[in-house]
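Below, in structure tokens: the form predicted alone, a single chain.
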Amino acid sequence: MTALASDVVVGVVGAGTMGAGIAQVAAAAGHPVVLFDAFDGAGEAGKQRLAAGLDKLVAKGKMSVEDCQALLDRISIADSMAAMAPAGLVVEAILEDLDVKRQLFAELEAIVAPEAILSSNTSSISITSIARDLQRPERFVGMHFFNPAPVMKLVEVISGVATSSEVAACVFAIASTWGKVAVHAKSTPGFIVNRVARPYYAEALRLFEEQLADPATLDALLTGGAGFRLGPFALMDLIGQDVNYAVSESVFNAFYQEPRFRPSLVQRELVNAGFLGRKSGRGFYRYDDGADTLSVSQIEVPAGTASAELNPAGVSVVDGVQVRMTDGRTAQAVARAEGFPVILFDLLTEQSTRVAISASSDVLDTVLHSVVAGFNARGIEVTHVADWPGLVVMRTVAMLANEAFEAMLQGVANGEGIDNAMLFGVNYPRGPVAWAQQIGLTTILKVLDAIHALTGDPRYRASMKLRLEAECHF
């Protein structure tokens, strides 16, 4: 099914940040847009905020005055829902309340033409549930933009149980025409992004609870080691600890207390204390006058230490000590099984500037320092952590990949869609499916199995799809 012609009216209900942003995107694609908000003056205020943002683009030379005015002229403010009558597509962007949304769409269905598409920008509510009472639920679909809508590339196109495949295909085409990266998803808790992203927070929180390292060190390892733009603790502070915790709890309960989504007690305590992050001046970090001076632990090498010759893609031997990438086991377990001292290093990428290492108890400091010097010679700082299963980056990436494969197993989306969602929805350095394939599915599986065996925690059980595909690649 093709996208709507650019002269088709697009209706947007809700003139807050998301609604106004969606209106801007549709108008930028040439559509006449009708923007409505039930609160007096909210529609006009939303358009004024939008205009102020466009004025900044004009001032920076990124948009002409004429194009700015033409875009604004295509957005009209409605004083009643009845103005949605000519719309071929309506996007709802109001508060996250199921009953309110159901009532809204019941009203809209009686106003718009039978062939008009109705969509919701919900980030968390079941598309199937919202459409339950509609006369024609097959024309209802999720169209989940990411904030800010004019900037973020991703749109999740979410099908409920009754959604027509033709309608989903049309909305996919519309989003693509609007310059977005569209991905198909099935209506399940968290859709793609809010589900697959959970391990990024959950594993960092768990490692902190296990006292492996402080938030600043864990953040530095995931940004410097893996290329994530913002560490999980800084990101949770930015999102708001209350918001992030509520999403985690919602997904956990929606999946009937599935252990993979178990919320964090330490995060709950922050919320209980009112330490909500940047908006309150304090979260895992402080943002007030007492802001923390952060330091990340790293090993200082004695002057004159010789740099070990290392092979980050394989196994090195330094004075009888094997140096290799973690396979999920502790260094002590590897040393015990194989009969020689071991230093393990975390997952590395081509862009890594920091790495975590751990060592079995029989590794001499002189050898450890030589290995650190070898990494330093490659421009990589080293953080020595306790001998811990999976270390930090490998454990996190393995869990992200595991959730991606489980989502594929359940038909939420295909691998390409999941990777695109994480690349363009939350700016991950790589899509988790492609990343796992690059590392090796058997390696990812070994890491998860090793952590599961040591901890006994069912959150680390491998997805059946990951296991089956790893066996095919063995």
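Residue positions are given as counts along the sequence shown, with the first one as 1. Every value quoted in this text rests on a predicted model; they were computed, and no experiment measured them.
Keep in mind the form predicted in complex with a small molecule is missing from the figure; the text below concerns it.
*Asks:* Residues in which of 141 to 149, 384 to 392, 348 to 356, 250 to 258 have heavy atoms within 4.5 Å of the small molecule in the model of the complex?
*Replies:* Heavy atoms within 4.5 Å of the small molecule in the model of the complex occur in 141 to 149.
*Asks:* For the spot marked by 96, 101 and 104, is every residue within 4.5 Å of the small molecule in the model of the complex through some heavy atom?
*Replies:* Yes: 96, 101 and 104 each sit within 4.5 Å of the small molecule in the model of the complex.
*Asks:* Heavy atom within 4.5 Å of the small molecule in the model of the complex: which of 370, 119, 122, 330 fits that? Just give me the one.
*Replies:* Answer to the contact question: 122.
*Asks:* Taking the small molecule in the model of the complex as the reference, which of 423, 29, 408, 42 has a non-hydrogen atom within 4.5 Å?
*Replies:* Going through each option in turn, the one that passes is 42.
*Asks:* Whether residue 435 contacts the small molecule in the model of the complex should be assessed with a 4.5 Å heavy atom distance threshold; does it?
*Replies:* Heavy-atom contact with the small molecule at 4.5 Å: absent for residue 435.
*Asks:* Taking the small molecule as it sits in the model of the complex, is residue 15 in contact with it (heavy atom to heavy atom, 4.5 Å or less)?
*Replies:* The answer is yes: residue 15 has a heavy atom within 4.5 Å of the small molecule.
*Asks:* Taking heavy atoms and a 4.5 Å cut-off, does residue 36 contact the small molecule in the model of the complex?
*Replies:* Result yes; residue 36 sits at the interface with the small molecule in the model of the complex.
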